[in-house]
Each structure stands twice: as C-alpha cells, then as structure tokens.
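Consider the single chain below, provided in structure tokens and representing the form predicted on its own.
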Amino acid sequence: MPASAADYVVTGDAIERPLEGAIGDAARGRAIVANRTLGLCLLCHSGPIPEERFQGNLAPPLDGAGSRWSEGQLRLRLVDPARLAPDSPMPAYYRTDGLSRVAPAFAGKPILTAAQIEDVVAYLATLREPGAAR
C-alpha cells in the first residue's frame, strides 16, 4: 500500500479518470466488497453476494449501483464520500488529508489502493437494474 494517495481531479460529482491509470477487474472488486476485513462494505450495504450472510441495511443497497451512477460517480463515492454527503458515516477509502479520528499508524495511508478502488468501481458498474441500458 502506498504511503499516501495520489492526486485525483473531481469534476462535479465524479472523478472521471481512473486513479493512477489503473484498470479495474470486476471479479477482484467483488472479492473486496465481500471481504469482511478489507472493505467492510457489507457491514452497511447489502448486495448481490448471496454467500455472505448478515448484510447491512444502513446504507443504499449495492444492487443496481451501475445503473444509478457512472463509473466516475462511483469512484468519488469510494474516494471521498463526505464531498457529496458531509454527514456520511462511510469512510474515505482513498482520500488521506483532512481526516479526523485516524489512528496514528494509519495516518496518511489510504484504506484501499488505487487498483483496489478501480476493482470495486469495475464490480459496482456491473450491478445493473434489469433492462437498464449500458
């Protein structure tokens, strides 16, 4: 994991360009979303991952995320959710500056790498509502 997250450009409600030019892999992204120790996504969200029991209901379901948001919008929601919802309990998975309540051992370090963010974006983009145009 890098010591700090690389720069990214926010345009409106999205980060249009992949972080560090990484190309995401949906299968790896699904594994990150399902992982109870890495992303912890299913602590708050539910998703189409039937083998994982006890999924969250505190945040929007992940089903249909690729229909609701573009890849750039999904990327910003992972990198810096507070930019869109200042009171969001969702952690910034990539932004490292201006955070509070960060343990000293984790200060300046992103939760997920650029490649991992892109993997999750790739997976979430596959979650389409039935009949939704691609």
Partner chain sequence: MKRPARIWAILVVAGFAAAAGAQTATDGRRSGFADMSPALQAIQRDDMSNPAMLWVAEGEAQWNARAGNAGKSCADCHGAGESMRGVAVRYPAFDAKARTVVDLDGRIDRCRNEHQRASSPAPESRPRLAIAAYVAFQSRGMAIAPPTGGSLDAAAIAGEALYRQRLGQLNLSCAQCHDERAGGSLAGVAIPQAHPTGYPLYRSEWQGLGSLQRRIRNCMTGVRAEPYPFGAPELVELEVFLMRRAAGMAWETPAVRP
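All figures in this text were calculated on a predicted structure; none of them were measured in a lab. Positions refer to the first chain, counted from 1.
Heads up, the form predicted in complex with its partner chain isn't pictured, but that's what we're talking about next.
Q: Kindly indicate whether Ala27, Val33 and Pro50 are, all three, within 4.5 angstroms of its partner chain in the predicted bound form, using heavy atoms.
A: No: no residue has a heavy atom within 4.5 Å of the partner.
Q: Does its partner chain get within 4.5 angstroms of any non-hydrogen atom of Lys109 in the predicted bound form?
A: Yes.
Q: Since only the chain is shown here, I'm wondering whether Arg83 would be in contact with its partner chain in the predicted bound form (any heavy atom pair within 4.5 Å).
A: Close contact is absent here: in the predicted bound form, Arg83 is far from its partner chain, nothing within 4.5 Å, heavy atoms only.
Q: Indicate whether Arg68 is a 4.5 Å heavy atom neighbour of its partner chain in the predicted bound form.
A: So Arg68 does not count as contacting its partner chain.
Q: Is the gap between Pro61 and its partner chain in the predicted bound form 4.5 Å or less for some heavy atom pair?
A: Pro61: no, not in contact with its partner chain in the predicted bound form.
Q: Quick one: name the residues from 30 to 65 with any non-hydrogen atom within 4.5 angstroms of its partner chain in the predicted bound form.
A: Residues within 4.5 Å: Arg36, Thr37, Leu40, Leu42, Leu43, Cys44, Phe54, Gln55, Gly56, Asn57, Leu58.
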